[in-house]
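Just the one chain here, the form predicted on its own, laid out as structure tokens.
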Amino acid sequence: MLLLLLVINIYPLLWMILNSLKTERELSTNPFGVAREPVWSNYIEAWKVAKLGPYLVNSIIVTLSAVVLTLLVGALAAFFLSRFEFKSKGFLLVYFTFGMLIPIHATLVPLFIEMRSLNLMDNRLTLLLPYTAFNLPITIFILAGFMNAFPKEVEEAGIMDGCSVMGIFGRLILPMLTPALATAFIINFLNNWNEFSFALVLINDGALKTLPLGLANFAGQYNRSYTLQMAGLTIVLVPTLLFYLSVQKYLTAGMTAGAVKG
């Protein structure tokens, strides 16, 4: 069963990579075979058509900035929601959890109007703010759930050593939170890296567009250049694949640690 699921998931990617190395004629006559002579120039042409160079830099800047801000705000919010008792704690937990249920597409129009009225269109903050806001609920949910398993003696030991509240957070809680932070980092990174709708609606300046928007450059005169489109998709896939393969052990460790302690 696992082998069947693996084939179902891998085959479309393999088919895309194989066909990215063919000519258009070979693709139409032999769509499921291996290219007789790999056309590596498809990748060079796709890189130029989609303008992937500057878009890649923009994606890295926006994605990493949003992830760092989300983890910082999310960790602080989770710390206070998990380790302190106050009157509106239950309401705030439900409020943040409810954020995970809101479909992103339902917010596109009001968010566009709001960003335009605030003169926040077409700059570096345009995507940073919605990416942070929409990833905060899942981040707080993961971090607060992980923190709930920490014994109260951690804070008591910190108080005995003269730590302030922020000292307990920075010196005691944060190091213990590493597996959950790694998990939240990976989820946030993949969400932001692959996000298309907000970038399409909120960014019009070509100098600020991100990688998913680069693939839209294949529309028009390149609409029927399937081999170029597949080469472009393969190029965009590579950073995501390398990132996931390099950090997937932390994702597994974070999920497992949370499951055991929870």
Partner chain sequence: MQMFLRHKWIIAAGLIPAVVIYTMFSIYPILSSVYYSFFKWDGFSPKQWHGLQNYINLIEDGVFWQSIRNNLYFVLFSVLGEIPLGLYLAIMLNGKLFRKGGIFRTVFFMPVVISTIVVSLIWNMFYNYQFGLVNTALRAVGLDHWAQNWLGNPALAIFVLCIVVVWQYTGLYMVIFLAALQNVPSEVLEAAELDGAVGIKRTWHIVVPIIADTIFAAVVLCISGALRAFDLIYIMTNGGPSHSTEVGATYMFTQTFSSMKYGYGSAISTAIIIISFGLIVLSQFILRTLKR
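What you see is a predicted model; the values in this text were computed from it and never measured. Positions refer to the first chain, counted from 1.
Keep in mind that the form predicted in complex with its partner chain is missing from the display, and what follows is about it.
When contacts are judged by a 4.5 Å heavy atom cut-off, Leu18 does not count as touching its partner chain in the model of the complex. At a distance threshold of 4.5 angstroms between non-hydrogen atoms, Ser197 is in contact with its partner chain in the model of the complex. Within 4.5 Å of any heavy atom of its partner chain in the model of the complex lies no heavy atom of Ser41. Proximity of Phe134 to its partner chain in the model of the complex falls within the 4.5 Å heavy atom cutoff. Every residue in the set His105, Tyr226 and Met230 has a non-hydrogen atom no more than 4.5 Å from its partner chain in the model of the complex. This chain appears without its partner; in the model of the complex, the one residue of Val201, Leu52, Leu64, Ala35 with a heavy atom within 4.5 Å of its partner chain is Val201. Contact annotation for 27 to 43: residues with any non-hydrogen atom within 4.5 angstroms of its partner chain in the model of the complex are Leu27, Ser28, Pro31, Phe32, listed in sequence order.
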